[in-house]
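In the form predicted on its own, a lone chain appears below as structure tokens.
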């Protein structure tokens, strides 16, 4: 490895090394500035990626414009998640170096998955961050619901890992290589063994993306995990999984069955996610089912891949990440001893805590696809790609699903601003500076991308070619 290669891979090295340093710092000085130290490592990786763009390759990994885009995306979400967690964890008694160190390890795993150049490194990256989330979901030791969520995520995740590994093994048995570039360029007609492997890989990734029918873990895990963990799990991990799927889909480019499988997954995910969200009284479960539905729009973009679907999927995941961070961030900052989980507990909070209420409302408008939020432009990009690809029926289902979703998103906004609080409601705790910044960043991103999406769309055209 040359010095230039080392410089290109330095953001991953910073995150992985930072995870070890935070663990050691916690052992030397328990409770001392660990979140600030973790923030410094994530910020350093982010600045390095932006300030020193470079390309490099080594066995299993390749730094490309595509991987650098996702590095910036992941580090940005990691920064917001750490800002949210620093105060939340202190209030909930989640102490120790495990949380910030594991979060850094998760970011390193997601970065490795996005930079993978062969299926083995892709698998290792995916399972590295999934393993980290097994710990983060159940990090609140005294929470019965958190322990249940951790166990459910572990059981489903290990099954997903086994399916993914089996699929990779079948692909290797069929083609004799794990390199993604070689697999995509092989002109041999897809034989049954290869197609079986590709299908198993798609099933494994469907779990990461909460696509129906591999979605049932999502509401229980999102509800049971600490809100800052859910904010990162619902955004960064979804982004890394979208990147992994974009790396894998060229393997099935010549197989019509791949299109049909994605079509069915998109249809089932759109309908199931939005219908289930209609009947939720818990805001975290509502946002969980909303996450399932939002990933249905990403699946719709993948169906339209030849007609600009990759660009639409990437724009959608960025817009969704901003909304997810803002919504779960608002839930996190409004929590004291316990999370405000019932929608009725948010009555009047838009006036009693204006910043958190505004962030949550803007995020919900974006998820519903109401202009001028980024979600409107994201849905427009997805539907445009679907119509260009001739997927009119699926686009109509997507539009109808979006109309249904407006009801349950606005139900929360109505509770925030149009229903008075009960007379016995306790005073709302004022937000700290870190919490205010953590909410302001994704909220500003939602409005900026909704009003001025061109710079990001132009960038996505260049990196998705």
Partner chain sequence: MMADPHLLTILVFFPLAGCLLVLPVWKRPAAARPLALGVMTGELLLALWLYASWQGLAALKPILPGYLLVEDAPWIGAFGIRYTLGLDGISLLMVMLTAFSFCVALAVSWRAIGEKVGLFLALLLAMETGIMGVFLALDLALFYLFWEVMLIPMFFLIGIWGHGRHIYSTVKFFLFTMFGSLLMLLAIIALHLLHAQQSGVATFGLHQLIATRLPAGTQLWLFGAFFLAFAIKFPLFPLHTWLPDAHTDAPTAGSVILAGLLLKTGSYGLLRFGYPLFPQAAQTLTPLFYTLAIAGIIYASLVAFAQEDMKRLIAYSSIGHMGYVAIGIAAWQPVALSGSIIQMANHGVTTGALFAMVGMLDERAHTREIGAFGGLWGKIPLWSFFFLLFSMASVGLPGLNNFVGEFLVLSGTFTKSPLAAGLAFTGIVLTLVYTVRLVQEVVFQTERKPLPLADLDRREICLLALLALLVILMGVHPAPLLDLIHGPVKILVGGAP
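The shown structure was predicted, so the numbers you read here are calculated from the model rather than taken from an experiment. Numbering follows the first chain given and starts at 1.
This protein has a second form, the form predicted in complex with the partner chain, left out of what is shown; the following refers to that one.
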Interface membership of residue 387, the partner chain in the predicted bound form, 4.5 Å heavy atom rule: yes
Residue 418 versus the partner chain, in the predicted bound form: is there a non-hydrogen atom within 4.5 Å? yes
Does the partner chain get within 4.5 angstroms of any non-hydrogen atom of residue 73 in the predicted bound form? no
Quick check on residue 400: any heavy atom within 4.5 Å of the partner chain in the predicted bound form? yes
Per contact check vs the partner chain in the predicted bound form (non-hydrogen atom within 4.5 angstroms), the hit among 246-254, 74-82, 387-395, 89-97 is 387-395
Just one of 56, 44, 437, 413 has a heavy atom within 4.5 angstroms of the partner chain in the predicted bound form, so which one? 413
State the residue from 292, 356, 310, 381 whose non-hydrogen atoms include one within 4.5 Å of the partner chain in the predicted bound form. 381
Listed by sequence position, which residues of 146-171 have a non-hydrogen atom within 4.5 angstroms of the partner chain in the predicted bound form? none
